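In structure tokens, one chain follows: the form predicted alone.
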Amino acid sequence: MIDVQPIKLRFGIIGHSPLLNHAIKVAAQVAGTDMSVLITGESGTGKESFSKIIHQLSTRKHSTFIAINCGAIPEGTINSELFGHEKGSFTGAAGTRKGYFEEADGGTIFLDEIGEMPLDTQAMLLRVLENGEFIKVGSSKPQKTDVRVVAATNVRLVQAVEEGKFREDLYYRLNTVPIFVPPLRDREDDVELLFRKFAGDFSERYRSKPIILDDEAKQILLSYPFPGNVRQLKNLVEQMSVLEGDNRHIDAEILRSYLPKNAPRANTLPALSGNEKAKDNFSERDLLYKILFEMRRDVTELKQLVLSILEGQGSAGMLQKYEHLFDDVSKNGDSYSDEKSNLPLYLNPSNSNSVNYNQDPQDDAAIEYAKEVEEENEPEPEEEETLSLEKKEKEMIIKALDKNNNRRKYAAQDLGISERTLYRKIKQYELDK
């Protein structure tokens, strides 16, 4: 059993989140191997710290560790930076140069923002991972290297593979061991711990007392989604530590003045279960709803098309045989039936005001009778059922509060969310008034 607390102390990691502890355990377990690791997570979550854990707990800890931001190197020079070049291989190549993979032989290379790597460089990296070989720019001689590769990204590489922006074979080669670093909004109780840690650090750096939040300011801090994660929180604490001067007590008004006014909204929909998959971005649910309703509309249109074809061919027997398939079309007012004469009546698709009758058009009496039946059977417009997720969400919260006599702790348990999330949703929907 791996004890994560000594690892946290050694690498300066603050927090007790189960998701964070799991990520640290996986990093410690894989450190002793040479397996490739792919670290995923949003920007600002501290992915580089996990690459250092893997390197320092491995047998390579006394060898070179190099961290490279693939997105910061120009596309025209990244091959030279990673694999080196020969003299005269391109304009400006005044001499032979060693690349990072040659310099880090026997050690570890951390490739941050791997999703920004050009496709031709990805092919060269794949050869290093599979054969331990690379070729310098301008050379034809393969060179051997023994480097452990740890990669990180804040984008969905699966989507990049589908769009042709990332090699599928490289993705699976890198993703031998995946490590997910959770965003700050999913670490809930760690926010206040990190705030106090940063406040203490900056008080020492700037030789001042640490800033302190009052109760209302704490609630605002805990309810803020922090799209920039730990990096954003650290910058926020540093700003207040410097700009507030002698004022060391931060109230709600002061804190709001430092928070961005138009910050991206976090995914805070209540979950119906404790499964972490329920925290996926709710835009995927919206897309699913849209697809389902478009399919329903297409099926209705298809039924109308079949009806028109059968009617045009005069296939009365065929219509009667498959009449049950078009019950919902009849209910929606797209077709009508004359019960006395058993003659089906259909709206003309080319003109919604004209009626096509399966009987002699010269029979005026029949036509007048059919029109009367049409007017009598015209359905009343039904009120469209609301599809708003926010309205459903609000109703769920109200029901849970009523069921538990406004005891938020038990209401949150029924909804499968934390009290902090419930507090934030109550504020959002103004349910505390």
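Take the two forms, superpose them, and find the largest set of C-alpha atoms that agree within 1.5 Å; that set is the rigid core. Everything numeric here is computed off the predicted structure, so don't read it as measured data. Residue positions are given as counts along the sequence shown, with the first one as 1.
One more form of this protein exists, namely the form predicted in complex with a small molecule; it is left out here, but the text below deals with it.
Of the stretches 27-35, 390-398, 60-68, 43-51, only 43-51 has residues with a heavy atom within 4.5 Å of the small molecule in the predicted complex. The closest non-hydrogen atom of Phe198 lies within 4.5 Å of the small molecule in the predicted complex.
Contact annotation: Pro18 falls outside 4.5 Å of the small molecule in the predicted complex, judged by heavy atom distances.
Contact between Leu111 and the small molecule in the predicted complex is not found at the 4.5 Å heavy atom cutoff. In the predicted complex, the small molecule stays beyond 4.5 Å of every heavy atom belonging to Leu236. Contact annotation: of the candidates Arg173, Arg187, Arg148, Arg167, the single residue with a non-hydrogen atom within 4.5 angstroms of the small molecule in the predicted complex is Arg187. Interface residue among Arg256, His249, Arg231, Lys209, judged by heavy atoms within 4.5 Å of the small molecule in the predicted complex: Arg231.
Val155: CA moves 2 Å or more between the shown form and the other one after rigid-core fitting. In the predicted complex, the separation between the C-alpha atoms of Leu184 and Asn406 shrinks by 3 Å or more relative to the displayed form.
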